[in-house]
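Just one chain follows, in the form predicted on its own, and it is written as structure tokens.
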Amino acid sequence: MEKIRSKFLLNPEVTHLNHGSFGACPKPIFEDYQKWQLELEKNTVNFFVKQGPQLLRQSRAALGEFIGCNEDDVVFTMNPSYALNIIIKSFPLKAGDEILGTDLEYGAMDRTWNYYCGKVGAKYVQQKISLPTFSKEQIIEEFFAGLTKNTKAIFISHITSTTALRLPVEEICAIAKEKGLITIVDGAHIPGHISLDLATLQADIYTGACHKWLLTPKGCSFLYVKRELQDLFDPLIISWGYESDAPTHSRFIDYHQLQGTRDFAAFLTIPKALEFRKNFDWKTVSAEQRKTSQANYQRFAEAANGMILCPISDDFLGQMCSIRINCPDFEKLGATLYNEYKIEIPVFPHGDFVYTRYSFQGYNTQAELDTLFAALSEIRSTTNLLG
């Protein structure tokens, strides 16, 4: 993987095992990003008013082809949290309504649902999913145990953040549609990581980050909304696209794309990111890294005296693996790993437990995992940070 590693801007003095948090952008894609920023400064008015909208459409078309949707059904956002705030703020909830989620969701989204549900007297249900889990059927059964006559929609992560679990979203969305529920999927970790085809996935609403596994610069994500539902959702920022003087063929695009003066250069790097992946046969790279990531999962748990969370298979794991650990001071453990061992890896609480998670991107090697395992074993034997 040295050839791939040389294409990234990562600090060589640090063992980077946390791609899942914010991603990492290869040099050719970052240079493309800077090219668009320079183009903006060279001819600002033309870029914003004339050139920009056409370039954004080309980028949406490239993304749509990659994720299986029409270019007019997807808009760019800074991150999935922004995308889901568009949805949650406008979602037609009333007192007594319920949104069914899991207790494994991303904390920022838990806060968002609780905030907006609280304003109208609705309820965000965080259905418990037992860990470790042993089958997709177990997850599906536990999830739908939270379904009531008041449930209006389901909200679920395709891959969870803290626990890095691939949930059976395909099956859950199919069941939800049979029950007449709107399906909202947080796919922050999916694009470029796990194959995604929105044309076959029965999700009404889907968001994903491009700056993680798809390798674009930071601040590049998307929101997909099924066409029949697009008019439900107001823009978070009311600007020139709202009731536009020169409306395009898509109110969805007008409302959510045109927001005045903002740097959308990151959005324009989608074609370059897809080209980079093609040049390196990234599908093969990803498959190899996924295999290595999973092969080291049990060893990861043993080194940290932790617990794996699921069967070791593609049904549950991609290129991230998380374990539950007995750690009395998660902040100190994270600081020790970085400051003393130069390893960048998240250690974070979720509910009543503490987890640590490695990401294994195309630039990572087995030697880096070995470095992590040696560090964890030493910390375990010399401190009280790993029980």
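Residue numbers run from 1 along the displayed sequence. Worth saying up front: this structure is predicted, and the values here are computed from it rather than measured.
Beyond what is shown, the protein has a form predicted in complex with a small molecule; the following relates to that form.
Asker: May I ask you to check whether His193 falls inside a 4.5 Å heavy atom distance of the small molecule in the model of the complex?
Answerer: Answer no; every heavy atom of His193 is more than 4.5 Å from the small molecule in the model of the complex.
Asker: Just checking whether Ile154 would be counted as a contact of the small molecule in the model of the complex - the rule being heavy atoms within 4.5 angstroms.
Answerer: Contact with the small molecule, no.
Asker: Taking heavy atoms only, is Met109 within 4.5 angstroms of the small molecule in the model of the complex?
Answerer: Contact check for Met109: yes, within 4.5 Å of the small molecule in the model of the complex.
Asker: Using heavy atoms and a 4.5 Å limit, would one call Asn79 a contact residue for the small molecule in the model of the complex?
Answerer: Contact with the small molecule, yes.
Asker: If the cut-off is 4.5 angstroms on heavy atoms, which of these, Leu215, Leu165, Cys220, Ala188, is the one near the small molecule in the model of the complex?
Answerer: Contact residue from the list: Ala188.
Asker: Among Leu274, Ile205, Val75, Ile159, which has at least one heavy atom within 4.5 Å of the small molecule in the model of the complex?
Answerer: Contact residue from the list: Ile159.
Asker: Just one of 143-151, 79-87, 259-267, 168-176 has residues with a heavy atom within 4.5 Å of the small molecule in the model of the complex, so point it out.
Answerer: Going by heavy atoms within 4.5 Å, the stretch is 79-87.
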